[in-house]
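Two forms, one chain: they're shown below as structure tokens, one block per form, named structure 1 and structure 2.
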Structure 1
Amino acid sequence: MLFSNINGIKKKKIVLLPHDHPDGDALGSSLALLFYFRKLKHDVDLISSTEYSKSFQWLPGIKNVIVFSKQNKYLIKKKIENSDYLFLIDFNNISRIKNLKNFLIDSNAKKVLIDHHPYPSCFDFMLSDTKVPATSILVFRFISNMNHLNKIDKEIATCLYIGLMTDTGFFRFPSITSETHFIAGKLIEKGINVSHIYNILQEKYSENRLKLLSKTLNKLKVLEKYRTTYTSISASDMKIFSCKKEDTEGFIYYGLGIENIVFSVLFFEEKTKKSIKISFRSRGNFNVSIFAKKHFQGGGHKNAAGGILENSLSESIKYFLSIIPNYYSDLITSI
């Protein structure tokens, strides 16, 4: 039904919604769908509930993204309420689009979830597969199921490849399958410039970002007994080095690279100092999604998850240290 409606001659009003603080996969998947639906002559908008990282300013089509603000609140509300289809992209629960959540609840539009996170809420159409490493794989499958692979041009391919690249940690995470590389190959056939995309995503950072990394690594603690490492970034660190949250991308993986470590944690003090955002990464079968859900009101994937605590930095770390012994046997047996 979804496929025939989208493929029909009747123009549809479609709104694409990536999650808050969209990452490469959320933005890449959304932009690819924006180009694709425009080719089908639908009326499409891409609305982001929050700002996106400056590092994505070069993405094809990024100027089309409408970012929620107080000024455009009513325009956005109208667009969401009057749409035929709302696409929820790369998230599993409407709490991940905080500013738009209520508009979505009030809208009679058919809601289509395209996502790879576990335990998705139920919507009218579910393109959910928790086994794929990136939502952009599901977008590729969607276009393929529509029999429209010929409509994937260089721009769409670039957007999907960015999703693949960023959510697979540049093709190195265990979630990768032969399908991942098959699709990457198909995208490369469309003429994308792989090394250019890599260089822009990975190798353009400021001196201050490197200094913040240095400070963060200096604070790193290793709990050998629990094969765990953790570190923190305070609001004042961020201020001193004039860094933004997106500059901290990838910091958490340094600790995980230490031999024998299977669990890495990063505490990030929000600017308001009222809450701490916590990131979790693991190797092997230690499930950080369950850990984050149980203790930090969070969730995510088996090896990459996040959560939040409304507490000070030191109290949050203290709390974490108090629960970690309960996971001793899971951590020492994780392979």
Structure 2
Amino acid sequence: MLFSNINGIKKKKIVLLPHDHPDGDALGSSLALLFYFRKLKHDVDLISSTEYSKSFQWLPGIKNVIVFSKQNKYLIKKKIENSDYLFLIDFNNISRIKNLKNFLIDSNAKKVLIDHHPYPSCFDFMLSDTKVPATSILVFRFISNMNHLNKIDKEIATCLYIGLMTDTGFFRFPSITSETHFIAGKLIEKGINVSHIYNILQEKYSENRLKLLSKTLNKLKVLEKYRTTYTSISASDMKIFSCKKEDTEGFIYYGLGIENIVFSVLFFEEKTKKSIKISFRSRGNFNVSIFAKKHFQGGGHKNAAGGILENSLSESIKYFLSIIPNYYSDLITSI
């Protein structure tokens, strides 16, 4: 039904919504859909509830992203209210777009979920598959189901490839399947510059971002007995180096790069809130989604999840350290 409605002659008003602090997959998937729907002559807006990392400023179509602010709050509210379809991209619960949450609740538009995270909320239309490593794969499937693969040009392919690269850890995570590489191959056939994309994402850092990374790694603690590492970023760290949360993307993986480590944790102190956001990454069988859900009001994927504590940074770390011994057997047997 959704495919026939959007494929119809009548022009639709569509709003695309990635999650807070959109990463490469959220932005890439959203921008790909923006280009695609505009090819179908629909009226499309891409609205982000928060800023995105400067490392994505080169993306095709990025200037079309409307970032929520106090100044454009009512303009965004009107766009959401007047839309026919709201696409929720790379998240499965409206709590992931806090600034826009109430606008979505009040909107009568049909809500379309395109996402790969587990335990999704229920929406009018759902393209959800927790087994795929990136939402960009589902966007590719969506366009394919519309019989419009011929509409994927170099710009759309570049955006989708960004999603694939970033959410698969540059094609190294265990969630990768033959479909992942098949789609990557189809996108490369559109003429995208793979080496250029890789260089921009992996090798172009600001001086302050590297200094923040250095300080974060200096605080890294290794719990050899539990095959675990953890580190933290304080609000003062962010202020000293004039960085945004988006600039910390990828920091957590350095801990996992240590030999014999299977669990990496990053504590992040919010600037304006008395809360700590915690990121969890793992290798092998240790399920960080279950861990985050049980102890940190969070969730996510088996090997990548997040949570939150209404606590101080030091108290949050202390709480984590009190829990980790309970998972000794799980951690030492994880492959």
Ligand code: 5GP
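Under this definition, the rigid core comprises the largest set of C-alpha atoms superposing within 1.5 Å between the forms. Please note that residue numbering is based on structure 1, beginning with 1 at the start of its sequence. Just so you know, these numbers come straight off a predicted model, no measurement behind them.
Engineer: Of structures 1 and 2, which is the form predicted in complex with the ligand?
Structural biologist: If we ask which form is the one predicted in complex with the ligand, the answer is structure 1.
Engineer: So, superposing on the core, is the move of Lys73 at the CA at least 2 angstroms between structure 1 and structure 2?
Structural biologist: No: Lys73 shifts by under 2 Å between structure 1 and structure 2.
Engineer: Is Ser128 displaced by at least 2 Å at its C-alpha between structure 1 and structure 2 when the rigid core is overlaid?
Structural biologist: No: Ser128 shifts by under 2 Å between structure 1 and structure 2.
Engineer: Is the shift of Phe241 between structure 1 and structure 2 large enough to count as movement, that is, does its C-alpha move by 2 Å or more after the core is superposed?
Structural biologist: Yes: Phe241 shifts by at least 2 Å between structure 1 and structure 2.
Engineer: After aligning on the rigid core, report the distance the C-alpha of Ile258 travels between structure 1 and structure 2, in angstrom.
Structural biologist: Its C-alpha moves by 2.3 Å once the cores are overlaid.
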